[in-house]
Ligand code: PAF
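In the block that follows, a single chain appears as structure tokens, in the form predicted alone.
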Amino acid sequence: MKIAVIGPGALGCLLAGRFFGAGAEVCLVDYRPERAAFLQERGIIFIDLDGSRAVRRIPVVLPEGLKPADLSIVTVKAGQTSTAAQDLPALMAGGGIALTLQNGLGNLEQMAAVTGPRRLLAGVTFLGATQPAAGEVIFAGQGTTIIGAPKGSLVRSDELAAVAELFRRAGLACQIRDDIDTVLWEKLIVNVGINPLTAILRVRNGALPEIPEAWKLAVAAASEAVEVARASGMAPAIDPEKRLKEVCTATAANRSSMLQDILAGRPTEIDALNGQVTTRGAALGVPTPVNSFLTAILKALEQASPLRVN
């Protein structure tokens, strides 16, 4: 199986590194020539769960050099999905499959607008990965990846099983779910509660339940997302507060991806998370005042980044 991982960020480098280490034929797709050349020359520095350090010389390809792959995995930030989707026709030219493992909602729709839905898979991952520098990734925590064929996909069950087996051969737990559309919502429900509040307050996940006012907002945001999911025809099988508490406890030492983006002065994925709840809620007549507020505050934080007083 030929694999292309689109996006050399933390998750992309982690997946490519594990697949490569398991003997798979894999390449990283990057849109920045300077970074691609740097990564190609130096290799990816991979720090595993046990602290061992290795340099993985994974081929890095620019969009103009793409060749068909059996599986393309999209790992870019949600704001880059529309650009990444333009690479998919070349990668899928031989009948390949594309899998999104991105945060939030809307990514799948952007990919389908370019390729159609028939050869697409969706998934969520709970792997922990951090990227202290370009081309350096720390495997910070084992977690399950859940994949499935979303509405409109015609990917066969044996093809789906082969993708799951790829992850397992690389030592990464992987499950197949028939209700992957609901699974995407279930992860979103958690993210809209934890990510914006930890980013605003600049605290690790474990601190959030210890701040009563912030915790109420987190639970309210997640509860609004549940109502929008139900109005969309989904049936998320989670209690928002209980699930938020479980995740905050399990990832207590983690900095959320949104907090990392704010600290680095990067754009966040707020539009794909709380922004999606607000937009979809408005279309369905479901009030989402907390998600609307959090979306506005995060956008203000992004705009204020270059104006901060040190």
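Just count from 1 along the sequence shown to find any residue number. None of these values were measured; they are calculated from a predicted model.
Same protein, other form: the form predicted together with the ligand, not shown, and the subject of what follows.
Of the residues given (Leu184, Leu99, Ile194, Leu91), Ile194 alone sits with a heavy atom within 4.5 Å of the ligand in the predicted bound form. The stretch among 278-286, 42-50, 27-35, 243-251 whose residues place heavy atoms within 4.5 Å of the ligand in the predicted bound form is 243-251.
Heavy atoms of Asn205 reach within 4.5 Å of the ligand in the predicted bound form, making it an interface residue. Although the partner is absent here, Trp215 lies well away from the ligand in the predicted bound form, with no heavy atom inside 4.5 Å. Of the heavy atoms in Asn103, some are within 4.5 Å of the ligand in the predicted bound form. At the 4.5 Å threshold, heavy atoms of Ser256 reach the ligand in the predicted bound form. Counting a residue when any of its non-hydrogen atoms is within 4.5 Å of the ligand in the predicted bound form, the one hit in 113-145 is Phe126.
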